[in-house]
Ligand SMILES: C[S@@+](CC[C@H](N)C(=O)[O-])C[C@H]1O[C@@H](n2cnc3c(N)ncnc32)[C@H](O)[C@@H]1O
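Okay, here we've got a single chain as C-alpha cells, the form predicted on its own, with questions on binding and movement later.
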Amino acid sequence: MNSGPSITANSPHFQRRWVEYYEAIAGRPPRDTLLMALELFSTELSARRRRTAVDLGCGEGRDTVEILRQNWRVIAVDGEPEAIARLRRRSDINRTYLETRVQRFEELTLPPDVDLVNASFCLPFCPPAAFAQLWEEIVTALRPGGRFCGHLFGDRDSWSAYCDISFHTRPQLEQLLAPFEIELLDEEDQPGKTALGDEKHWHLYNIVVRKR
C-alpha cells in the first residue's frame, strides 16, 4: 500500500498486501465511527425487531464482531474471499445472525430497510466510475432514520495518484451527504502511516450520518 502511482488498488501486488493488512490489524478494536453510530442507536427507543447492519469491506471482522455482540443481524460483505474466510474462522464471533458475501462494490446489491451501513476505510477502493451507483445503492437501502458510518478519502490524500481509487472534495462530500442529517463529520489532513507502517499523507473524512 505504498503511495507510488505504478501500483493500483486492484493490481495483484495491492491485493497480495490485503493479507498483510488483515494480519496487521488483527485484534484491533472496532472503529470509533461505528461505536458512535451504535451508541446513537442505543439512545433511541428499542426496536421491536432485530436491527440489521451491513458491514461493507468487513475484512477480518473487527467491526462485524462488535455489531453482532450488540445483538444485531449483520450482512458482512468483502470483495476478497480471504477476508470472509478469516472472519468465519474467528473464535469470538456469533454466527447465528451473520450472513457473509464475497461481492465487489461494482456488483453490490443490498436489501431494503437496512438500519445501518458501516464502511470503515473501504469505499475509496470502489473505482470512480462505479462510485455513484454504489452510493445510490447505500442510500436507497437505508430506511428513514437509518445511519451510515465510515470513511471517505479527500482529494489531498497522497493516494490520489491512483486512478482507480475514489476521492472527494469537500463540496462533493456535502452533496453526497445531502440526504442525511450530519451527526459527525470530522476532517483529517495530516501526515501519518498506514497499518503496514508506510508513510502516507491522510486526507480523510470520518462520517456518521442519519438518513432523513
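Heads up: residue numbers just count along the shown sequence, starting at 1. Fair warning: this is a prediction, and the values are worked out from it, not measured in the lab.
We do not show the form predicted in complex with this ligand, though everything after this point is about it.
Residues within 4.5 angstroms of this ligand in the predicted bound form, judged by any non-hydrogen atom, belong to 77-85 and to none of the other stretches in 90-98, 109-117, 77-85, 135-143. Mapping the unseen interface onto this chain, Phe105 counts among the residues with a heavy atom inside 4.5 Å of this ligand in the predicted bound form.
Mapping the unseen interface onto this chain, Leu34 falls outside it, with no heavy atom inside 4.5 Å of this ligand in the predicted bound form.
In the predicted bound form, Phe131 stays away from this ligand, with no heavy atom inside 4.5 Å.
In the predicted bound form, this ligand stays beyond 4.5 Å of every heavy atom belonging to Ala24. Taken together, Cys58, Arg62 and Phe121 are fully in contact with this ligand in the predicted bound form: each brings a heavy atom within 4.5 Å.
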